[in-house]
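Before any questions on how it binds or moves, here is one chain, the form predicted alone, in structure tokens.
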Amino acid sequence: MEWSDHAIVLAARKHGEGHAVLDVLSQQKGRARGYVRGGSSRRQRPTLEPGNLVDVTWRGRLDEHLGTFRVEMIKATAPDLFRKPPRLAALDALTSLLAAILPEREAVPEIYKECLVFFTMLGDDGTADISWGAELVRLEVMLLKTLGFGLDLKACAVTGELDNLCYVSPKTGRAVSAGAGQAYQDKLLKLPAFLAADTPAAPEDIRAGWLLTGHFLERHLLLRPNPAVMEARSRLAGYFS
């Protein structure tokens, strides 16, 4: 069997003497893994950096086999961020999360598309950190919805009102208004205003957004402890403290 596609590099793990197992998010096939001969070599390592856009050709006897990848660079993402630690941390947080939660061989074209938009924002010096921070929160909300655990942030779960939505139930993922949640606010998650309405975000909104999505990602999708993902998210949150 063989297929070719454009893909985003999620991770590359050294395998054997100078080789690697590559994990990618492809445009048409979704998340896929494959063996790359010489993938740990000095020549190939730059191509396999997380966030890079590559052209991959996968070959294997059966679809469920690991198979092998031939990889060619289309566009490098990480090098433009080496002198921008918060943006590099964002790239690491997203790619490690995708590698941990996306099922293999299930196409998620909208997620792929939004990742490319997000990487463009990271590489644009004219994009404020607040803007890409808010975009990352929205992308994680989209991830939850795509994988079957969407948040209901349109109306209060208690009263049905559409305004003054300030909280989210940590159990149901439904919004709660300021009045209905006042007595229970210490048990509720904060709903950032930019997720409930089209308003500018502030640093505290970004932190609240990551706490919100992080809670549901851990609850529903990170089925086992994943230090790499949580450490990447903690490093990123530190830049917005």
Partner chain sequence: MTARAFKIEQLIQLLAKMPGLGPRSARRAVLQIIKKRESYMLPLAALIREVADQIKTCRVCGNLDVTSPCHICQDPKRDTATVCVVENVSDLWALERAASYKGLYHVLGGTLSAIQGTRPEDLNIKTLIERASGGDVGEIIMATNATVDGQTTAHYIIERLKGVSVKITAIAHGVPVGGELDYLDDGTLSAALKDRKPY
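Numbering follows the first chain given and starts at 1. Because the structure is predicted, anything quoted here is derived from the model rather than measured.
From this point on, the text means the form predicted in complex with the partner chain, which you will not see here.
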TODO: With the partner chain left out here, work out from 176-184, 193-201, 44-52, 60-68 which stretch has heavy atoms within 4.5 Å of it in the model of the complex.
DONE: 44-52
Task: E17, I74 and A232 all contacting the partner chain in the model of the complex, non-hydrogen atom within 4.5 Å - done: yes
Open item on the list: Residue-level contact is defined here as any heavy atom of the residue lying within 4.5 Å of the partner chain in the model of the complex; does P79 satisfy this criterion?
Closed with: yes
Task: Exercise: L222 in contact with the partner chain in the model of the complex, heavy atom 4.5 Å - done: no
- [ ] Examine L88 and determine whether its closest non-hydrogen atom to the partner chain in the model of the complex is within 4.5 angstroms.
- [x] yes
Open item on the list: Would you classify V108 as touching the partner chain in the model of the complex, given a 4.5 Å non-hydrogen atom cut-off?
Closed with: no
Task: Contact residue in the model of the complex, chosen from R83, K145, K171, K154 - any heavy atom within 4.5 Å of the partner chain - done: R83
